[in-house]
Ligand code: UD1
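As a starting point, one isolated chain is supplied in C-alpha coordinates, in the form predicted alone.
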(Lines give C-alpha, C1' and ligand atoms only; values in the text may rest on other atoms or scores of the structure.)
Protein backbone atom coordinates (compact mmCIF):
# COMPACT_ATOMS: atom_id res chain seq x y z
CA UNK A 1 0.00 0.00 0.00
CA UNK A 2 1.23 3.50 -0.82
CA UNK A 3 1.62 5.82 2.18
CA UNK A 4 -1.37 8.15 2.54
CA UNK A 5 0.29 11.56 2.73
CA UNK A 6 -2.91 13.42 3.68
CA UNK A 7 -3.99 10.95 6.40
CA UNK A 8 -3.30 11.17 10.12
CA UNK A 9 -4.53 8.52 12.53
CA UNK A 10 -5.14 9.75 16.08
CA UNK A 11 -5.31 7.26 18.95
CA UNK A 12 -6.90 8.43 22.21
CA UNK A 13 -5.09 6.69 25.08
CA UNK A 14 -5.07 9.20 27.93
CA UNK A 15 -7.68 7.61 30.18
CA UNK A 16 -6.82 6.52 33.71
CA UNK A 17 -8.61 3.19 33.49
CA UNK A 18 -9.70 3.21 37.13
CA UNK A 19 -11.80 0.05 36.70
CA UNK A 20 -8.66 -1.91 35.82
CA UNK A 21 -7.64 -1.58 39.50
CA UNK A 22 -3.99 -1.57 38.45
CA UNK A 23 -0.94 0.67 38.73
CA UNK A 24 -0.09 -0.21 35.12
CA UNK A 25 -1.54 2.25 32.57
CA UNK A 26 -4.43 0.65 30.70
CA UNK A 27 -2.80 0.79 27.23
CA UNK A 28 0.08 -1.36 28.49
CA UNK A 29 -1.98 -4.32 29.68
CA UNK A 30 -1.33 -7.24 27.35
CA UNK A 31 -3.67 -9.17 25.09
CA UNK A 32 -2.22 -12.26 23.41
CA UNK A 33 1.35 -11.24 24.04
CA UNK A 34 1.22 -7.58 23.04
CA UNK A 35 0.16 -4.41 24.90
CA UNK A 36 -3.30 -3.13 24.00
CA UNK A 37 -1.74 -0.06 22.41
CA UNK A 38 0.48 -2.24 20.19
CA UNK A 39 -2.56 -3.93 18.64
CA UNK A 40 -4.12 -0.56 17.84
CA UNK A 41 -0.88 0.86 16.46
CA UNK A 42 -0.51 -2.19 14.20
CA UNK A 43 -4.07 -1.74 12.92
CA UNK A 44 -3.34 1.93 12.25
CA UNK A 45 -0.05 1.15 10.51
CA UNK A 46 -1.88 -1.13 8.08
CA UNK A 47 -3.30 2.04 6.47
CA UNK A 48 0.23 3.48 6.11
CA UNK A 49 -0.72 6.96 7.32
CA UNK A 50 1.63 9.90 7.04
CA UNK A 51 1.62 10.16 10.83
CA UNK A 52 0.10 8.49 13.88
CA UNK A 53 -0.85 10.74 16.78
CA UNK A 54 -1.02 9.25 20.26
CA UNK A 55 -2.82 11.22 22.95
CA UNK A 56 -1.51 10.19 26.37
CA UNK A 57 -2.33 11.30 29.90
CA UNK A 58 -2.32 8.89 32.81
CA UNK A 59 1.10 7.25 33.03
CA UNK A 60 2.24 9.33 30.06
CA UNK A 61 5.97 8.75 30.52
CA UNK A 62 5.51 5.02 30.97
CA UNK A 63 3.28 4.71 27.90
CA UNK A 64 5.62 6.84 25.78
CA UNK A 65 8.67 4.79 26.79
CA UNK A 66 6.94 1.49 26.08
CA UNK A 67 5.75 2.64 22.65
CA UNK A 68 9.16 3.98 21.65
CA UNK A 69 10.82 0.74 22.79
CA UNK A 70 8.32 -1.51 21.02
CA UNK A 71 7.65 0.30 17.73
CA UNK A 72 10.28 -1.48 15.68
CA UNK A 73 9.28 -4.97 16.80
CA UNK A 74 5.60 -4.12 16.23
CA UNK A 75 6.28 -3.03 12.66
CA UNK A 76 5.35 0.62 13.17
CA UNK A 77 7.10 2.63 10.46
CA UNK A 78 4.91 5.75 10.30
CA UNK A 79 6.08 8.63 12.53
CA UNK A 80 4.40 8.54 15.96
CA UNK A 81 3.74 11.95 17.49
CA UNK A 82 2.80 12.15 21.18
CA UNK A 83 0.38 14.72 22.58
CA UNK A 84 -0.33 14.93 26.30
CA UNK A 85 -3.88 15.63 27.44
CA UNK A 86 -3.68 17.77 30.57
CA UNK A 87 -7.35 18.79 30.55
CA UNK A 88 -9.10 15.50 31.29
CA UNK A 89 -12.58 16.75 30.47
CA UNK A 90 -13.74 14.31 27.83
CA UNK A 91 -12.90 12.95 24.41
CA UNK A 92 -13.30 16.36 22.78
CA UNK A 93 -10.51 17.73 24.96
CA UNK A 94 -8.37 14.73 24.06
CA UNK A 95 -8.60 15.52 20.36
CA UNK A 96 -7.96 19.24 21.02
CA UNK A 97 -4.65 18.27 22.64
CA UNK A 98 -3.50 17.02 19.23
CA UNK A 99 -4.66 20.00 17.14
CA UNK A 100 -1.12 21.12 16.17
CA UNK A 101 -0.67 17.75 14.47
CA UNK A 102 -4.17 17.45 12.97
CA UNK A 103 -3.91 20.85 11.27
CA UNK A 104 -1.26 19.42 8.93
CA UNK A 105 -3.58 16.84 7.33
CA UNK A 106 -6.75 16.72 5.25
CA UNK A 107 -8.18 13.55 6.82
CA UNK A 108 -8.12 12.42 10.45
CA UNK A 109 -8.98 8.90 11.59
CA UNK A 110 -9.73 8.79 15.34
CA UNK A 111 -9.36 5.49 17.20
CA UNK A 112 -9.87 4.51 20.81
CA UNK A 113 -6.83 3.39 22.76
CA UNK A 114 -8.61 0.48 24.44
CA UNK A 115 -9.93 -1.56 21.47
CA UNK A 116 -7.30 -4.26 20.75
CA UNK A 117 -9.70 -6.35 18.65
CA UNK A 118 -9.99 -3.74 15.91
CA UNK A 119 -9.51 -5.19 12.41
CA UNK A 120 -7.34 -3.34 9.87
CA UNK A 121 -9.66 -4.51 7.09
CA UNK A 122 -12.54 -2.56 8.67
CA UNK A 123 -10.47 0.61 8.83
CA UNK A 124 -9.49 0.25 5.19
CA UNK A 125 -13.11 -0.26 4.12
CA UNK A 126 -14.21 2.80 6.09
CA UNK A 127 -11.50 4.96 4.59
CA UNK A 128 -12.33 3.86 1.06
CA UNK A 129 -16.01 4.76 1.45
CA UNK A 130 -15.21 8.04 3.17
CA UNK A 131 -12.83 9.18 0.44
CA UNK A 132 -15.15 8.11 -2.38
CA UNK A 133 -18.08 10.10 -0.98
CA UNK A 134 -16.10 13.16 0.19
CA UNK A 135 -17.84 13.24 3.55
CA UNK A 136 -17.50 15.54 6.52
CA UNK A 137 -17.42 12.71 9.04
CA UNK A 138 -18.07 9.00 9.41
CA UNK A 139 -18.59 6.91 12.54
CA UNK A 140 -18.10 3.18 12.90
CA UNK A 141 -21.30 1.70 14.29
CA UNK A 142 -21.89 -1.82 15.54
CA UNK A 143 -24.95 -3.58 16.89
CA UNK A 144 -24.30 -5.36 20.18
CA UNK A 145 -26.37 -7.82 22.23
CA UNK A 146 -26.15 -5.59 25.31
CA UNK A 147 -25.71 -1.87 24.50
CA UNK A 148 -25.84 -0.71 28.13
CA UNK A 149 -23.10 1.81 28.86
CA UNK A 150 -22.46 2.73 25.23
CA UNK A 151 -23.47 5.83 23.29
CA UNK A 152 -26.37 5.05 20.92
CA UNK A 153 -26.43 6.00 17.25
CA UNK A 154 -29.74 7.71 16.50
CA UNK A 155 -30.86 7.66 12.86
CA UNK A 156 -33.49 9.62 10.95
CA UNK A 157 -36.66 7.84 9.75
CA UNK A 158 -34.82 7.45 6.43
CA UNK A 159 -31.97 5.61 8.18
CA UNK A 160 -29.46 8.45 7.96
CA UNK A 161 -27.24 9.60 10.83
CA UNK A 162 -28.91 12.06 13.20
CA UNK A 163 -26.93 12.08 16.46
CA UNK A 164 -25.02 10.10 19.05
CA UNK A 165 -26.56 10.09 22.51
CA UNK A 166 -24.38 9.04 25.44
CA UNK A 167 -25.80 6.37 27.71
CA UNK A 168 -25.93 8.73 30.68
CA UNK A 169 -28.02 11.21 28.64
CA UNK A 170 -30.28 8.68 26.90
CA UNK A 171 -33.97 8.35 27.64
CA UNK A 172 -35.70 4.99 27.92
CA UNK A 173 -36.59 4.86 24.23
CA UNK A 174 -33.06 5.71 23.09
CA UNK A 175 -31.61 3.04 25.38
CA UNK A 176 -33.50 0.42 23.37
CA UNK A 177 -31.29 1.14 20.34
CA UNK A 178 -28.79 -1.67 19.78
CA UNK A 179 -26.51 0.18 17.35
CA UNK A 180 -23.76 1.80 19.35
CA UNK A 181 -20.94 4.22 18.76
CA UNK A 182 -17.64 2.34 18.55
CA UNK A 183 -15.69 5.50 19.35
CA UNK A 184 -13.94 5.37 15.98
CA UNK A 185 -14.40 8.09 13.36
CA UNK A 186 -13.05 9.61 10.18
CA UNK A 187 -13.16 13.38 9.84
CA UNK A 188 -12.46 16.00 7.26
CA UNK A 189 -9.76 17.76 9.28
CA UNK A 190 -10.94 21.31 8.60
CA UNK A 191 -14.52 20.44 9.57
CA UNK A 192 -13.30 18.71 12.73
CA UNK A 193 -11.26 21.74 13.77
CA UNK A 194 -14.25 24.04 13.32
CA UNK A 195 -16.54 21.69 15.24
CA UNK A 196 -14.08 21.34 18.12
CA UNK A 197 -14.08 25.11 18.57
CA UNK A 198 -17.87 25.04 19.00
CA UNK A 199 -18.09 22.29 21.62
CA UNK A 200 -19.77 23.07 24.93
CA UNK A 201 -19.66 21.05 28.18
CA UNK A 202 -22.27 18.32 28.39
CA UNK A 203 -23.54 15.69 30.81
CA UNK A 204 -23.25 15.31 34.58
CA UNK A 205 -19.44 15.72 34.45
CA UNK A 206 -19.45 18.80 32.18
CA UNK A 207 -17.33 17.02 29.59
CA UNK A 208 -16.62 17.93 25.99
CA UNK A 209 -17.97 15.07 23.88
CA UNK A 210 -16.23 14.32 20.60
CA UNK A 211 -19.52 12.80 19.49
CA UNK A 212 -21.08 16.28 19.45
CA UNK A 213 -18.77 17.28 16.61
CA UNK A 214 -20.77 14.98 14.32
CA UNK A 215 -23.96 16.95 14.86
CA UNK A 216 -22.08 20.21 14.39
CA UNK A 217 -20.55 19.01 11.13
CA UNK A 218 -23.98 17.84 10.00
CA UNK A 219 -25.29 21.35 10.61
CA UNK A 220 -22.56 22.60 8.26
CA UNK A 221 -24.44 20.62 5.57
CA UNK A 222 -21.49 18.28 5.22
CA UNK A 223 -22.43 14.59 4.91
CA UNK A 224 -22.13 12.55 8.15
CA UNK A 225 -22.65 8.81 7.77
CA UNK A 226 -22.48 5.57 9.71
CA UNK A 227 -20.30 2.68 8.57
CA UNK A 228 -21.92 -0.35 10.16
CA UNK A 229 -19.90 -3.48 10.84
CA UNK A 230 -21.53 -6.81 11.63
CA UNK A 231 -18.51 -7.82 13.73
CA UNK A 232 -19.24 -6.00 16.96
CA UNK A 233 -16.42 -7.71 18.86
CA UNK A 234 -13.79 -5.54 17.23
CA UNK A 235 -15.31 -2.48 18.89
CA UNK A 236 -15.28 -3.92 22.40
CA UNK A 237 -13.31 -1.71 24.76
CA UNK A 238 -11.17 -2.98 27.62
CA UNK A 239 -12.05 -1.14 30.82
CA UNK A 240 -11.72 -3.89 33.44
CA UNK A 241 -9.83 -7.10 34.08
CA UNK A 242 -12.94 -9.05 33.10
CA UNK A 243 -13.07 -7.27 29.73
CA UNK A 244 -9.32 -7.83 29.34
CA UNK A 245 -9.88 -11.57 29.75
CA UNK A 246 -12.77 -11.44 27.28
CA UNK A 247 -10.61 -9.70 24.67
CA UNK A 248 -7.85 -12.24 25.23
CA UNK A 249 -10.23 -15.14 24.64
CA UNK A 250 -11.69 -13.59 21.47
CA UNK A 251 -8.25 -12.92 20.02
CA UNK A 252 -7.01 -16.41 20.88
CA UNK A 253 -9.97 -17.95 19.06
CA UNK A 254 -9.29 -15.68 16.08
CA UNK A 255 -5.68 -16.86 16.09
CA UNK A 256 -6.77 -20.48 16.37
CA UNK A 257 -9.09 -20.09 13.40
CA UNK A 258 -6.33 -18.48 11.33
CA UNK A 259 -3.96 -21.32 12.11
CA UNK A 260 -6.53 -24.01 11.36
CA UNK A 261 -7.34 -22.30 8.06
CA UNK A 262 -3.60 -22.54 7.31
CA UNK A 263 -3.58 -26.30 7.90
CA UNK A 264 -2.66 -26.61 11.59
CA UNK A 265 -4.45 -29.22 13.69
CA UNK A 266 -5.60 -27.85 17.04
CA UNK A 267 -7.12 -30.74 18.98
CA UNK A 268 -9.05 -28.37 21.27
CA UNK A 269 -8.79 -24.79 20.02
CA UNK A 270 -10.44 -23.41 23.14
CA UNK A 271 -7.71 -25.00 25.27
CA UNK A 272 -4.79 -23.71 23.19
CA UNK A 273 -3.05 -20.54 24.38
CA UNK A 274 -1.39 -19.13 21.28
CA UNK A 275 -0.30 -15.50 20.87
CA UNK A 276 -1.42 -13.47 17.87
CA UNK A 277 2.04 -13.25 16.24
CA UNK A 278 2.82 -16.98 16.41
CA UNK A 279 3.34 -18.74 13.06
CA UNK A 280 2.81 -22.52 12.68
CA UNK A 281 3.23 -24.67 9.57
CA UNK A 282 0.68 -26.97 7.97
CA UNK A 283 0.09 -30.47 9.34
CA UNK A 284 1.52 -29.61 12.74
CA UNK A 285 -0.59 -31.02 15.55
CA UNK A 286 -1.08 -29.03 18.76
CA UNK A 287 -2.59 -31.00 21.64
CA UNK A 288 -4.61 -29.35 24.45
CA UNK A 289 -3.07 -27.17 27.12
CA UNK A 290 -0.13 -25.83 25.13
CA UNK A 291 1.16 -22.29 25.65
CA UNK A 292 2.87 -20.83 22.57
CA UNK A 293 3.88 -17.22 23.04
CA UNK A 294 5.67 -14.23 21.55
CA UNK A 295 7.25 -14.44 18.11
CA UNK A 296 7.50 -18.22 18.05
CA UNK A 297 7.69 -19.89 14.64
CA UNK A 298 6.93 -23.61 14.33
CA UNK A 299 7.46 -25.54 11.11
CA UNK A 300 5.47 -28.22 9.32
CA UNK A 301 4.60 -31.76 10.44
CA UNK A 302 5.47 -31.19 14.08
CA UNK A 303 3.82 -32.84 17.08
CA UNK A 304 3.39 -30.65 20.15
CA UNK A 305 2.01 -32.74 22.99
CA UNK A 306 -0.09 -31.48 25.90
CA UNK A 307 1.28 -29.04 28.43
CA UNK A 308 4.16 -27.73 26.30
CA UNK A 309 5.35 -24.13 26.82
CA UNK A 310 7.19 -22.35 23.99
CA UNK A 311 8.15 -18.67 23.93
CA UNK A 312 10.06 -16.63 21.34
CA UNK A 313 11.60 -19.72 19.76
CA UNK A 314 12.08 -21.21 16.30
CA UNK A 315 11.07 -24.82 15.79
CA UNK A 316 11.85 -26.39 12.41
CA UNK A 317 9.91 -29.08 10.50
CA UNK A 318 9.21 -32.63 11.73
CA UNK A 319 9.99 -31.94 15.38
CA UNK A 320 8.38 -33.89 18.22
CA UNK A 321 7.96 -32.07 21.53
CA UNK A 322 6.61 -34.33 24.24
CA UNK A 323 4.45 -33.49 27.21
CA UNK A 324 5.54 -30.87 29.72
CA UNK A 325 8.51 -29.50 27.81
CA UNK A 326 9.51 -25.84 28.36
CA UNK A 327 11.34 -23.92 25.61
CA UNK A 328 12.34 -20.25 25.73
CA UNK A 329 14.34 -18.15 23.24
CA UNK A 330 15.84 -21.21 21.61
CA UNK A 331 16.28 -22.82 18.18
CA UNK A 332 15.35 -26.40 17.37
CA UNK A 333 16.32 -27.83 13.99
CA UNK A 334 14.38 -30.36 11.94
CA UNK A 335 13.69 -33.89 13.18
CA UNK A 336 14.63 -33.16 16.80
CA UNK A 337 12.86 -34.75 19.73
CA UNK A 338 12.36 -33.17 23.13
CA UNK A 339 10.85 -34.37 26.38
CA UNK A 340 8.85 -35.38 28.14
CA UNK A 341 9.63 -32.61 30.62
CA UNK A 342 12.74 -31.26 28.93
CA UNK A 343 13.81 -27.65 29.49
CA UNK A 344 15.54 -25.41 26.94
CA UNK A 345 16.62 -22.17 28.55
CA UNK A 346 17.49 -19.09 26.45
CA UNK A 347 20.14 -19.31 23.70
CA UNK A 348 19.96 -23.06 23.38
CA UNK A 349 20.38 -24.53 19.90
CA UNK A 350 19.56 -28.09 18.84
CA UNK A 351 20.97 -29.22 15.51
CA UNK A 352 19.21 -31.65 13.16
CA UNK A 353 18.03 -34.87 14.77
CA UNK A 354 19.21 -34.04 18.29
CA UNK A 355 17.35 -35.40 21.30
CA UNK A 356 16.84 -33.91 24.75
CA UNK A 357 14.83 -36.17 27.01
CA UNK A 358 13.27 -36.65 30.42
CA UNK A 359 14.05 -33.89 32.91
CA UNK A 360 17.14 -32.73 31.04
CA UNK A 361 17.98 -29.03 31.02
CA UNK A 362 19.93 -27.17 28.33
CA UNK A 363 21.16 -23.62 28.85
CA UNK A 364 23.03 -21.42 26.35
CA UNK A 365 24.42 -24.48 24.59
CA UNK A 366 24.64 -26.08 21.16
CA UNK A 367 23.63 -29.74 20.94
CA UNK A 368 25.11 -31.12 17.73
CA UNK A 369 23.44 -33.04 14.93
CA UNK A 370 22.14 -36.41 16.09
CA UNK A 371 23.46 -35.95 19.64
CA UNK A 372 21.46 -37.22 22.63
CA UNK A 373 20.96 -35.85 26.13
CA UNK A 374 18.24 -38.22 27.13
CA UNK A 375 17.98 -38.40 30.91
CA UNK A 376 18.27 -36.18 33.97
CA UNK A 377 21.17 -34.05 32.76
CA UNK A 378 22.21 -30.39 32.91
CA UNK A 379 24.16 -29.03 29.95
CA UNK A 380 25.09 -25.35 30.30
CA UNK A 381 27.48 -23.10 28.34
CA UNK A 382 28.47 -26.04 26.18
CA UNK A 383 29.48 -26.55 22.56
CA UNK A 384 28.58 -30.14 21.70
CA UNK A 385 29.43 -31.74 18.38
CA UNK A 386 27.56 -34.32 16.30
CA UNK A 387 26.78 -37.88 17.34
CA UNK A 388 27.47 -37.39 21.05
CA UNK A 389 25.74 -39.65 23.58
CA UNK A 390 25.33 -38.18 27.07
CA UNK A 391 24.51 -40.59 29.87
CA UNK A 392 21.96 -40.00 32.59
CA UNK A 393 22.85 -37.58 35.35
CA UNK A 394 25.59 -35.76 33.46
CA UNK A 395 26.32 -32.21 34.58
CA UNK A 396 28.47 -29.46 33.11
CA UNK A 397 29.74 -27.53 36.12
CA UNK A 398 29.89 -24.19 34.34
CA UNK A 399 29.88 -21.76 37.27
CA UNK A 400 32.78 -21.35 39.72
CA UNK A 401 30.89 -18.97 41.98
CA UNK A 402 32.16 -15.95 40.11
CA UNK A 403 32.29 -16.62 36.37
CA UNK A 404 30.69 -18.91 33.79
CA UNK A 405 32.99 -21.21 31.82
CA UNK A 406 32.52 -23.28 28.68
CA UNK A 407 32.61 -27.02 28.10
CA UNK A 408 33.51 -28.32 24.63
CA UNK A 409 32.49 -31.85 23.68
CA UNK A 410 33.54 -32.74 20.16
CA UNK A 411 31.97 -35.16 17.66
CA UNK A 412 31.07 -38.75 18.58
CA UNK A 413 32.06 -38.59 22.23
CA UNK A 414 30.44 -41.17 24.51
CA UNK A 415 29.70 -39.94 28.03
CA UNK A 416 28.83 -42.47 30.71
CA UNK A 417 26.23 -41.86 33.38
CA UNK A 418 26.70 -39.48 36.30
CA UNK A 419 29.66 -37.58 34.83
CA UNK A 420 30.66 -34.07 35.95
CA UNK A 421 32.51 -31.79 33.54
CA UNK A 422 34.23 -29.03 35.52
CA UNK A 423 34.54 -26.18 33.03
CA UNK A 424 36.55 -24.91 31.30
CA UNK A 425 37.30 -28.30 29.81
CA UNK A 426 37.48 -29.90 26.35
CA UNK A 427 36.76 -33.49 25.34
CA UNK A 428 38.02 -34.29 21.85
CA UNK A 429 36.32 -36.43 19.20
CA UNK A 430 35.63 -40.12 19.68
CA UNK A 431 36.71 -40.04 23.32
CA UNK A 432 34.88 -42.05 25.99
CA UNK A 433 34.20 -40.93 29.54
CA UNK A 434 33.71 -43.55 32.25
CA UNK A 435 30.57 -43.43 34.33
CA UNK A 436 30.85 -41.54 37.59
CA UNK A 437 33.88 -39.50 36.50
CA UNK A 438 34.58 -35.89 37.39
CA UNK A 439 36.50 -34.48 34.44
CA UNK A 440 38.69 -31.47 35.14
CA UNK A 441 41.32 -31.77 32.39
CA UNK A 442 41.36 -32.04 28.61
CA UNK A 443 40.59 -35.50 27.18
CA UNK A 444 42.47 -36.35 23.95
CA UNK A 445 40.74 -37.76 20.88
CA UNK A 446 39.89 -41.48 20.85
CA UNK A 447 40.93 -41.95 24.48
CA UNK A 448 39.17 -43.13 27.62
CA UNK A 449 38.82 -40.67 30.47
CA UNK A 450 38.16 -42.01 33.97
CA UNK A 451 38.37 -39.87 37.07
CA UNK A 452 37.13 -41.72 40.13
CA UNK A 453 38.75 -43.34 43.15
CA UNK A 454 38.95 -47.09 43.55
CA UNK A 455 36.07 -48.78 45.38
CA UNK A 456 36.66 -49.51 49.07
CA UNK A 457 34.72 -52.25 50.92
CA UNK A 458 34.71 -52.39 54.71
CA UNK A 459 33.69 -55.78 56.04
CA UNK A 460 32.04 -56.42 59.39
CA UNK A 461 35.30 -57.42 61.07
CA UNK A 462 36.80 -54.10 60.10
CA UNK A 463 39.14 -55.63 57.53
CA UNK A 464 39.72 -53.26 54.61
CA UNK A 465 39.98 -54.65 51.12
CA UNK A 466 40.95 -52.79 48.00
CA UNK A 467 39.59 -53.66 44.61
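The structure presented is a predicted model; accordingly, all values stated were derived computationally and were not measured. Residue numbers count along the first chain shown, from 1.
Absent from the display: the form predicted in complex with the named molecule. The rest refers to it.
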{"item": "Segment that reaches the named molecule in the predicted bound form - one of 143-151, 338-346, 187-195, 351-359, heavy atoms within 4.5 Å", "value": "143-151"}
{"item": "4.5 Å heavy atom contact, residue 182 and the named molecule in the predicted bound form", "value": "yes"}
{"item": "The named molecule contact in the predicted bound form: residue 9, any heavy atom under 4.5 Å", "value": "no"}
{"item": "4.5 angstroms heavy atom contact with the named molecule in the predicted bound form for residue 130", "value": "no"}
{"item": "Proximity of residue 166 to the named molecule in the predicted bound form, heavy atoms at 4.5 Å", "value": "yes"}
{"item": "Listed residue (383, 121, 103, 239) with a non-hydrogen atom within 4.5 angstroms of the named molecule in the predicted bound form", "value": "239"}
{"item": "Interface residue in the predicted bound form among 272, 211, 296, 229, criterion: non-hydrogen atom within 4.5 angstroms of the named molecule", "value": "211"}
{"item": "Residues in 76-102 close to the named molecule in the predicted bound form, defined by a heavy atom within 4.5 Å, in order", "value": "85, 88, 89, 90, 91, 94"}
